[in-house]
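Let's start with one chain on its own, the form predicted on its own, as C-alpha cells.
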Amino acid sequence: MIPYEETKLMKQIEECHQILKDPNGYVKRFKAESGRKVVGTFCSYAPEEIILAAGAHPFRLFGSGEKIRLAEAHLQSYCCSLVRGALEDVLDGRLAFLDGVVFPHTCDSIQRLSDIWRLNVPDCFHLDVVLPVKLDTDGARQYMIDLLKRFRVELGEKLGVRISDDDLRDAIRIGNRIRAALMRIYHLKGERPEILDGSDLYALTRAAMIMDRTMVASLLEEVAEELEKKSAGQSVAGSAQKGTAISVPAPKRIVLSGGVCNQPDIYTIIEEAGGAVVGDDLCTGSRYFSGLIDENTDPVTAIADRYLARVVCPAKHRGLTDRADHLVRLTREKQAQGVIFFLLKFCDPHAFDYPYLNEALDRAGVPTMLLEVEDRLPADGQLRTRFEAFVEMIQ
C-alpha cells in the first residue's frame, strides 16, 4: 500500500503535469474564475512581482509548438522557435485571453518580436522593459531602479490601478516563497537524484511560471516538505540495510546548461541512458528562481538588487568570465560528472557563449556534450544513442 504522503506527493506533481499539457487552457479558466487580468512575459527578467502587485497574473509564454504559418510573413526562418512559436500563437488567436505583454529586451529576435507584436496585436497593451546589459557598472543599479519605478507607473496606468508599496511587499513575499521552495527541491534532487524524476522537476519548475502564484507557492512548499520526509526516510532505511542491499550502479550526475527548455522528455531519455540531471543553468530552471528579494527595504530597490545579483544569462554581463565561473562552480557543488549544453537553434546569445563556457569546463576536466534543438527533439533513437555514448564516456 502506497503511504498517504507518497500519494499526496504524486497528486501534486500530476497536477503540474496536467497544467503543462494545456497551459493556455489553465490560464483562461483561471482568468474566468478569478476575474484577474493576464500579462504575458517572455523572460525571467520580466518583473513578475510588480505585475503580481498590480493584481494581474504573470504568464510565461513559450509557444505551443504548432506549425508555423502566419509568423513566416513577419520573421525570418533563422529566428528561434520560441519567438516564431509565440508570434504564431498570438496571430492565430490562441493568446486572445492576454490583456498585455511585457518585453524585457534581451536578444535581437525578442526586440524585433516586440515591434512586430506592437504593430500587429492591437487588442492587448504592450510594454518594453529595457534593463541594463552591464550589471557591474556604477550607474547600472540606479538605472535599474529608475527603470522599474517607471515600469510600476506605466503598468498601473495600463491596468487602471495604483500599485502601493504594501502590494509590492506582499508580491515579494509570494515570489520568495516560490523561489525558496524550488531551491529546497533542487537541493534534494542534487543530493539524491533518485528522489524525484527529472520530468517531475521540470513540471514543478514550469508550473511556477504558469499557475496562480499563491497557489503554486503552497504546492511547492508542500512538495518540498514531502520530499524532505522521503529523503529522511530513505536515509534511515539505507542505514538499516547497509551491507545487505544489492549494489546498484549510481547514475552519472549531469548538469544541463542553456536557455529555454521546452522538452520534459530530455530528462527521461538522460535517465534511461544511465544519467541523472542534478542541477541546471537554464532560463527555465535555476536562473528563474535564483536569489531571494530583501523583504525589509524599499521594494523596488530590493527587486532591482536581486536582478543585479542573480545568476546572469548571456543577455547580461557582470565581468568577462562570470557565467563560466558560475557553471564550473555549479558542476563542483553538484559533484556533476558531465555537462550537456541544451541550446535552441538560432539562439545567438547562447551560441556565442558556448565556446568559452565549453573551454572553461574543459580546463576544469568536465566532459561536455552539445545538443541543438528547434521546437522538437531529434528522433528518439538517435538522441538516446548520443546520450548513452556520453554517459558511458563519463568517468
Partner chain sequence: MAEKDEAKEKRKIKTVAKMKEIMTAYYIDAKTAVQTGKKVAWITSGGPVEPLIAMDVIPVYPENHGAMVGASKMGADLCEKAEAMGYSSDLCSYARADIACAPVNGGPIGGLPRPDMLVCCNNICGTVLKWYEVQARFFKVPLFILDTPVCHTGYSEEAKRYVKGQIGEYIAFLEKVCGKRFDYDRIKEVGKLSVQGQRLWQEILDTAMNRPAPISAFDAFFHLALIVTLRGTGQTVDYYKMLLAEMQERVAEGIGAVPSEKYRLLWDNLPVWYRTKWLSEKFASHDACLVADTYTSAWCGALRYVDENDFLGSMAECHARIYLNIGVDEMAMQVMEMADKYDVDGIVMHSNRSCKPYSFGQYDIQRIIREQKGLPTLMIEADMVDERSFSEGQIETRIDAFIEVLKGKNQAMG
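Computed from a prediction, not measured in an experiment: that's the story for all the values here. Positions refer to the first chain, counted from 1.
There is another form of the same protein, the form predicted together with the partner chain; it is not shown, and what comes next is about it.
inquiry  = Can you tell me which of 184-192, 73-81, 260-268, 92-100 lies within 4.5 Å of the partner chain in the predicted complex, counting heavy atoms only?
reply    = In the other structure, the partner sits against 73-81.
query = At the 4.5 Å heavy atom threshold, is G139 in contact with the partner chain in the predicted complex?
reply = So G139 counts as contacting the partner chain.
ask   = E333: heavy atom within 4.5 Å of the partner chain in the predicted complex?
value = The answer is no: E333 has no heavy atom within 4.5 Å of the partner chain.
4.5 Å heavy atom contact, S290 to the partner chain in the predicted complex = Close contact is absent here: in the predicted complex, S290 is far from the partner chain, nothing within 4.5 Å, heavy atoms only.
message = Considering non-hydrogen atoms and a 4.5 Å limit, does the partner chain approach Y143 in the predicted complex?
response = Heavy-atom contact with the partner chain at 4.5 Å: present for Y143.
message = Within 4.5 Å of the partner chain in the predicted complex - does that hold for a heavy atom of every one of K11, K37 and A207?
response = Heavy-atom distance to the partner chain in the predicted complex: none of the three under 4.5 Å.
request  = Go through R306, R179, R169, R112 and name the one with a heavy atom inside 4.5 Å of the partner chain in the predicted complex.
outcome  = When the partner chain is considered in the predicted complex, the option within 4.5 Å is R112.
query = Out of V161, A232, V133, M215, which one falls within 4.5 Å of the partner chain in the predicted complex, going by heavy atoms?
reply = Contact with the partner chain in the predicted complex is made by V133 alone.
query = Can you tell me which residues in 346-370 come within 4.5 angstroms of the partner chain in the predicted complex, by heavy atoms?
reply = Heavy-atom contacts to the partner chain in the predicted complex: F346, D348, P349, A351, F352, D353, Y354, P355, Y356.
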